[in-house]
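Okay, so we've got the same protein chain twice, two forms, each given alone as structure tokens, structure 1 and structure 2.
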Structure 1
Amino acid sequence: MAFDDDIQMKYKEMLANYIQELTEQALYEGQRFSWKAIEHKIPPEEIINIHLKVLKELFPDIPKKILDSFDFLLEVMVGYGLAYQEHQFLRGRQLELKSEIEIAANVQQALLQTNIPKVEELDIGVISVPAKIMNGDYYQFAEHENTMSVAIADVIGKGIPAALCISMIKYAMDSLLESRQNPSYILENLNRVVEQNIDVNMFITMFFGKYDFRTNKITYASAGHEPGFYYCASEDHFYDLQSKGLVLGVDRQVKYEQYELNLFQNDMIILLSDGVTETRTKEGFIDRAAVTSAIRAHLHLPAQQIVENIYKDFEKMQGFQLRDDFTLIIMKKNV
């Protein structure tokens, strides 16, 4: 009660001061009072009650009709106050969830971190940018004796569920890569993991390849992933990477076909997620030719600069707002 009396006395002092002086400073004192009221969780209707009591003390002869109008205002502010309290609760909860998601995104980034190989034979460039806080795309490199493997995957979906699926895929891949098996074996085993552990409404696409430094040959297989490109330097021509295969998690018994490609100096393998090819402009979705044209415009640059420039170009096309996770990998044959 003493606290309420103190508030009323303070409010009376501020109101009387404002009515007498009508200054900006006096108004500012009212604003400061509102901050304190929020801090002490005083509802709006209680502020109206305080105002009414103070008016009666300051102006005992105030007309009854004026005083009666405050009853109407009180009813309005009761509903407003309840809605405001709910808003504050939801806002606080939203901030908590945002903080938790940001922490989860940092954890995911640490878990999915992979070292880009620095090898004499290949110039490798990579960029992967999530459309939201957490990434539904995944890529991974692994070096073994005389070989290097590369994987790129995309969960059909975005947000937290996709990110959780990707984290599971990463750990399954870590154990499978130790076997140093061929790409079709890796995808077939990974497919069984996905089929057993992922919701039936979620699917994952993946490309997995293994490059042999002794033969300059890449062997690869695809589980329904967005087809990449092969740039043949001697012909100065881009080809779609030949690949076909069912997305992971649909059929436990599916087999994946394996392909081979020999690389020569300045040839390139381009791997990407559908967030690249489904870039949307005011005129609609771009076509795959737009991707190869963008790469051609930057052919003279190192691979990392190529992928970064293409991302900047495509981000600008979309008004600097990604609609899907964007992952692009370029591997250029040096010698």
Structure 2
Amino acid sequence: MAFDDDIQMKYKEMLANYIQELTEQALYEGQRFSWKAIEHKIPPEEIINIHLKVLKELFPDIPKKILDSFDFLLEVMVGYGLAYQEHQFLRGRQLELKSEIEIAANVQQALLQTNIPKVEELDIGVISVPAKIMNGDYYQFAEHENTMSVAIADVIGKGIPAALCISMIKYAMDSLLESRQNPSYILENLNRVVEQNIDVNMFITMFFGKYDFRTNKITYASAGHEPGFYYCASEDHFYDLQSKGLVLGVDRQVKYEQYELNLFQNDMIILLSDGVTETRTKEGFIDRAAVTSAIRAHLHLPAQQIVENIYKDFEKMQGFQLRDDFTLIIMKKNV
């Protein structure tokens, strides 16, 4: 490497120049040299050694005691050199880990892939954004002959452990959805799966709804999930989607109550994860009314645009730093 070869000559030139002129420009050269040296992985003790050699060349009659003092300095700096090398190594390791996690996130994304149904009766908009690289929120749509189901779940916690947990839920759901059962049946089954397979310190909340195109009725149940909203167009009013139910994985005997709601033209069902309501501004957490008024502000738009606009608004409100995974689903009754 060319830099390594004439490093001592370069250093000598720069040092001599500085001693001669004592200018800021000459010092700045020194700083630029340090970046180059770091780039070439030259440890600190090596720099001291070069400094010593150059000093000997520039001032042949330096007292021996001063020269000897450099042995002491070298001894001290070897430790720093080791710490520096270790730091370089750990930095490399960190980059490796990061790319590994990114690959895992892609795998997860492929795994959780769900198609949003395109149906005449409903206009559906979805956004789901992870706070870190991997998503601890999950949603899934499924279409059957005359019905459509929607699930939204949230693992308490975020990052990789939450994401691993979610992948398991997805598999359990896939087989459960085949059964085309009622929301309460689905949640009760899932609850047993979670209770058996997941660490006691990990909790999952879930909302599950089933929409019947023949009756325009949505049947739903919730396992401790952040309540969604029901927008009644004829009253122009937002209601909380009332439901009771324990989070998944706590008690295997738990029963989930089922609720029903008839949808009419322009009515909306809004589902969300607590990442939406726990949006934090400088003044503290926003309240649920902030969510409904945000929806109201975009009411005239298609569902997908509403959720995207709300995400942008909320992202901006918290200074573009998501603290929790953010998932928002809006289903609007068309005809």
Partner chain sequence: MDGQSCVMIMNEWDIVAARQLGRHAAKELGFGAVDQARITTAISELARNIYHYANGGKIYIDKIEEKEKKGIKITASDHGPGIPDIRKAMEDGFTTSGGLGAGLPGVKRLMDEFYIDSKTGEGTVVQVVKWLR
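C-alpha atoms forming the largest set that superposes within 1.5 Å between two forms make up the rigid core. It should be emphasised that the depicted structure is a prediction, and the values quoted were computed from it without experimental measurement. Residue 1 is the first residue of structure 1, and the numbers go on in sequence order from there.
Student: Looking at both forms of the chain, which one is the form predicted together with its partner chain?
Tutor: Form predicted together with its partner chain: structure 2.
Student: Tell me, please, whether between structures 1 and 2 the C-alpha of residue 29 is shifted by 2 Å or more, with the rigid core used for superposition.
Tutor: Result for residue 29: yes, a 2 Å-plus shift.
Student: Quick check on residue 300: with the core superposed, does its CA move 2 angstroms or more between structures 1 and 2?
Tutor: Not so; residue 300 is displaced by less than 2 Å.
Student: With both forms fit on the core, has residue 310 moved 2 Å or more by CA between structures 1 and 2?
Tutor: Residue 310: C-alpha displaced by less than 2 Å between structures 1 and 2.
Student: Once you lay the two forms on top of each other by their rigid core, how far has the C-alpha of residue 52 moved between structures 1 and 2, in Å?
Tutor: Its C-alpha moves by 3.8 Å once the cores are overlaid.
Student: May I ask for the C-alpha shift of residue 62 between structures 1 and 2, in Å, based on superposition of the rigid core?
Tutor: Superposing on the rigid core gives a C-alpha shift of 4.1 Å for residue 62.
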